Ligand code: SAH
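Next comes just one chain, in structure tokens: the form predicted on its own.
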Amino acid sequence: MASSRKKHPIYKEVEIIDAGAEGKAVAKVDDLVIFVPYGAPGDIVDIQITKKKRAYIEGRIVHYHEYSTKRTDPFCEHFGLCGGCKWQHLPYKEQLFYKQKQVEDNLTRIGKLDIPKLLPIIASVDARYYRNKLEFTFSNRKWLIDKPTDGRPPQMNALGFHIPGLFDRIVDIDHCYLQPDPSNDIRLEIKKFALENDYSFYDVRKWSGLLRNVIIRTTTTGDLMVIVVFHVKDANKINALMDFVAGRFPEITSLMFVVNPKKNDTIFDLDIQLFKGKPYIVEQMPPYRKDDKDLKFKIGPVSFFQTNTLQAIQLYRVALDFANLSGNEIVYDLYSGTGTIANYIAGHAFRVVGVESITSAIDDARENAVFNNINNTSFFAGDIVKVLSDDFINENGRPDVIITDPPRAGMHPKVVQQMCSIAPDRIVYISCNPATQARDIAMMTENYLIEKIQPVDMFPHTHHVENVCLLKKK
């Protein structure tokens, strides 16, 4: 029952019944669906409404009457502030359950698909310190948790993550459980040096300040890349900070910096300078077969690579299993990125053709093929809608198998139509968004049946889940 408050009604003693989209919990009052953050199925709570939509409303929990038995204590002191790891209050086993349920619900409710029983979700090898890349933001607008009690103005410089929904507020991160050592030490030492030497932190409202971002990339081989992003060119201060980082962390494989005077944080279109070491780091993946060689991938400052390396290995193994290659097939790898999947499966196919819209990614894919002495891959840059023409098929051969791994928005309807027209025997659809995956597969049901479904958890303590579907031609 709702209270009588006019603008922000409160629903009393509501049970949280599910974990839903975007990491929010789900409650129901009569037929009204309410999404709230940080709830756990089984909680009995009071919910204050914050936003109304046609089909649902959003709210926040203002009081707990009863805590769910499915809850656990979050391990991070920044839980609930930085916007990451929103499912820490759920035990990992429960997270896996709701991720698998999310995949099934999307395929059956959004796609309205007849599906086989899902294979059990593949849990992450590591539930903490699993990311190989993090980007931290400098800001002179720190989010204050406690008000100063000594009357002095607070220190407002921060290096950390954005507060959800607030573009100008940063949580000053002490310890992050996402990336292995020495990620935390590097961030804290850079911040300490900056404060002691009076470096200005970025002001996103005024587009001013010297220090803007720090990007840290790690590999399972022990390689380490650090990129410091400055807003303006100040040679003396840039060199002083970079000299400090190089001396304090001699284990850094690739130390770089870039000056970004733009109003957005992207650096792929800027001149990134190598300060010390190599212009890349190297990641290594074990092969599918024991008698094959390890695969090595060069990763540059703007290269895309799956951010959970150990789970990427699991994901690619699933893709290769589903492709069921004998060695004689032509395989198309759509949305191929830097060619990690294409190069991973190349030893099992006659030929692999990768297509990707980002030219720099195709350059990385070609370089990594050469780096691994792979000579049966071809990579093409361009809009897939335009690339997949009859002439392209005639020139590169009609594929027996298509592997597609599109971004969260899914595939363009014309690409789906082209795939059905090409009519490969098998389609392996990898998705980081089961909702758009369900939508796309629904457009293929006249031509294809879903034979296998394998969820893979790439991001513990978040709602995100990867899913692989094997489609077989009818």
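Numbers for residues come from their place in the sequence shown, where the first is 1. This structure is a prediction, so every number in the text was calculated from the model and none was measured.
Note that the form predicted in complex with the ligand isn't included here; everything after this is about it.
Q.
So in the model of the complex, is the ligand close enough to residue 405 to count as touching (4.5 Å, heavy atoms)?
A. Result yes; residue 405 sits at the interface with the ligand in the model of the complex.
Q | is_contact(residue 335, the ligand) in the model of the complex, heavy atom dist at most 4.5 Å | A | Although the ligand is absent here, residue 335 would touch it in the model of the complex, with heavy atoms inside 4.5 Å.
Q) Is residue 304 one of the residues lying within 4.5 Å of the ligand in the model of the complex, judged by heavy atom distances? A) Contact check for residue 304: yes, within 4.5 Å of the ligand in the model of the complex.
Q: Would you please decide whether residue 103 lies within 4.5 angstroms of the ligand in the model of the complex, comparing each non-hydrogen atom pair?
A: No, residue 103 is distant from the partner.
Q. Just one of 352-360, 87-95, 389-397, 192-200 has heavy atoms within 4.5 Å of the ligand in the model of the complex; which?
A. Looking at the other structure, the answer is 352-360.
(Q) Counting any non-hydrogen atom inside 4.5 Å, which residue from 161, 322, 379, 316 sits next to the ligand in the model of the complex? (A) By the 4.5 Å criterion, the partner-contacting residue is 316.
Q. Among the candidate residues 226, 331, 170, 341, which is the single one with a non-hydrogen atom no more than 4.5 Å from the ligand in the model of the complex?
A. Only one option qualifies, and that one is 341.
Q) What residues in 372-389 sit within 4.5 Å of the ligand in the model of the complex, counting heavy atoms only? A) 382, 383, 384 sit within 4.5 Å of the partner.
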